[in-house]
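This document starts with one chain, in the form predicted alone, laid out as structure tokens.
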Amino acid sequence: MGGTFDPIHHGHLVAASEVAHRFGLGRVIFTPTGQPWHKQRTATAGEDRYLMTVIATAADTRFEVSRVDIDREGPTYTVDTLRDLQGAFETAHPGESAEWFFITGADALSEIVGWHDPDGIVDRAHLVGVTRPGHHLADPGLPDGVVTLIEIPALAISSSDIRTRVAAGEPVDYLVPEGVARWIRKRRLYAKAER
């Protein structure tokens, strides 16, 4: 599951759980982006986003967090993420195979044709676009069978709204896991978030 996770919130966790259930996934690897090439704003430091993701996912044994994008220099491209994760799997499990899925927001997925090497992404994983209720699930125009779009009720929570709430001094309790809320307060993240 790729994303900026700035910050990770309950909507992300519910989406990962729903997709894991629907496809019978043994695990979901959260991969916070390093330097997201497509974001207009500057993301919070990668180490903070990585640690918040570790805190948020710690209670679910199906979830793990990878540093693959945080540790890679330069812009983060999904095709590189998939290549690196699949290479690590092949090294750790020689001779074994796995079916790969890439989970992201349907809004991001709708722009996949503009991503770096979209054919390489489609060749490496089945794409799963998750969205919030009331959002139109737009088909990104890819061949049949390579994308599944799923509506997730808890995705009504958004990271940008959480950043704005923190900047305004409003509570984010129950929007993010308790440990993430504590990390935000401890590190004084989003104190100057865009409004």
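Numbering starts at 1 and runs along the sequence shown. Since the model is a prediction, treat every value here as computed from it, not as a measurement.
Keep in mind the form predicted in complex with a small molecule is missing from the figure; the text below concerns it.
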Q. Picking from 50 to 58, 141 to 149, 66 to 74, 127 to 135, which part of the chain touches the small molecule in the predicted bound form when contact means heavy atoms within 4.5 Å?
A. 127 to 135
Q) Among 84, 90, 107, 123, which has any heavy atom within 4.5 Å of the small molecule in the predicted bound form? A) 107
Q.
So in the predicted bound form, is the small molecule close enough to residue 157 to count as touching (4.5 Å, heavy atoms)?
A. yes
Q) Closest heavy atom of residue 11 to the small molecule in the predicted bound form, within 4.5 Å or not? A) yes
